[in-house]
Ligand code: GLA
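Coming up is one lone chain in C-alpha cells, specifically the form predicted on its own.
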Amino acid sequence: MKSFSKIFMNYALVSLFLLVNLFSISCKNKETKTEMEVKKEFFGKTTDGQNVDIYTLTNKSGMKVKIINYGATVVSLTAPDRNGKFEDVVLGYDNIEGYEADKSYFGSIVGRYGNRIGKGKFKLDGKEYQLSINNGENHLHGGTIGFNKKVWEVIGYSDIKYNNLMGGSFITMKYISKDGEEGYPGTVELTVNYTLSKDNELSINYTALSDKNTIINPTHHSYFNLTGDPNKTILDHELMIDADNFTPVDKGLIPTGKFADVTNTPMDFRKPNKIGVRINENYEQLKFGLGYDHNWVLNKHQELEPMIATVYEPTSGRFMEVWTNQPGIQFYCGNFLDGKVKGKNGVMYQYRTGLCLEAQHYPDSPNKPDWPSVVLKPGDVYRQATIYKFSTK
C-alpha cells in the first residue's frame, strides 16, 4: 500500500497533469475518447439558480463513482461483489432537490469542522468565537449552511495518463469559505481531489489555506451499504477499527475530554465483529448515541500505513479498507435514519441501512487543548488524505 508521502506525490502529479492539460480536460473538447474518460452531465439547478453537474469517474476495472459539485458529494459508487456484479454501495438522492433538503449529509464533504463543537463556542488567540447552532445546543458539521450546502468550483477533471495510476480518473473541486461564514474566523480556500485508481481505491485528498488563524477539520460523509441493497441493514457487516480507545461523550454527544479503553466493551472492534452483535447492549455510551455514533482514537495515524479500518459484507463478499493520516475516525451506523427519507430509485431509507466511517480529528477538539491541534495558520497548508479501497473475499 502507498505511504502517505507517495499518495501526496500522486496528488501532485494529478495537479501537474491538470495544469498541463488545462485546455483539453473538458470532456466535450476531447478529440479522442477513452473508456476511463470522465463524463460530465447536467444534474439540476439549485433554488437560487446555480447549475449543478454530475461527473462520472471510471477505472479500467469497471468501477464508477458519480460526484456532483454541490457539496463535492459522492452520489453513487459501484463496486463488484465476489461474482463480479457491480452494485451501488452508497446512499444518496436522484436529484438536486433531494440534496438541498438533505439533513443526513449523504456523501458530502462537511466542514469547516466535521462533527460537533460544544455549544458552538471555542477560543482562539484569546478571543471567543460563537458558531451557528444546528444540533441541539451544539454546532455540527459546519453549521446551518456548511460546505455540504455549497456549489463548489470544478478546477478540472480527466482520466489518468501516467503510469503509476494508469486506468483511473480524477476530479478536483474548490470552495472558498469567507471570513465570518457560520461564525468561523478567516477566509479559507479548501481544495478536494477525488481520484479513482485502477486498484479500486477512491482517494480523497484535501488541502486548505487561510488568511487568519482559524480551525479546520473537514471530512467525508458517505453512507456505505456493501450489500448493494439499501433496503437491507448494515448490522451483519463485519467491522474492524484499529483503536484501543475511543472518546466517550455526554448526552449531547460532546466528548468528555477523556479517552476510554475499549477492552470488554461493545466499542471493541480491534478484531472484526458484526456491527449488530452488541449494538443494543445495556451500555451508557450506546444509549447516548442510540447505537454507534462515536469517535475512535486510532492506534496509527499520520501515515497511510497500516489500514485503520475494514468492513466486510459476507453475502456479497465485498470488502472495504480505510486508510487515513487523521488521528480519529467517527463510526456512525445510521441511527437517525427513520424511513422518512426517499433516496435513489424511490427507496425509503430505513433505520441502520448505512454506515459512515469519517476520518477526522476528535470532536470538540478546539475546546480540548491536550488533543491534536486543528488550528490552521496563515502560511501553513492543511493536508488530509483518506482512501476507501474496495475488493472481495
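Remember, it's a predicted structure, so these values are computed and weren't measured experimentally. Sequential numbering from 1, following the sequence displayed.
The form predicted in complex with alpha-D-galactopyranose (GLA) exists for this protein as well; it is not shown, and the discussion that follows is about that form.
For residue 298, no non-hydrogen atom is located within 4.5 Å of alpha-D-galactopyranose (GLA) in the model of the complex, even though that partner is not displayed.
Residue contact with alpha-D-galactopyranose (GLA) in the model of the complex: residue 158 places no heavy atom within 4.5 Å of it.
In the model of the complex, at least one heavy atom of residue 223 sits within 4.5 Å of a heavy atom of alpha-D-galactopyranose (GLA).
Looking at residue 285, you'd find every heavy atom of it more than 4.5 angstroms from alpha-D-galactopyranose (GLA) in the model of the complex. Contact annotation for the candidate site: 253, 293 and 358 all lie close to alpha-D-galactopyranose (GLA) in the model of the complex (heavy atom within 4.5 Å). With the partner left out here, alpha-D-galactopyranose (GLA) still marks one of 142 to 150, 275 to 283, 96 to 104, 122 to 130 in the model of the complex; by a 4.5 Å heavy atom cut-off that stretch is 96 to 104. None of 353, 56, 325, 330 but one reaches within 4.5 angstroms of alpha-D-galactopyranose (GLA) in the model of the complex through a heavy atom, and that residue is 330.
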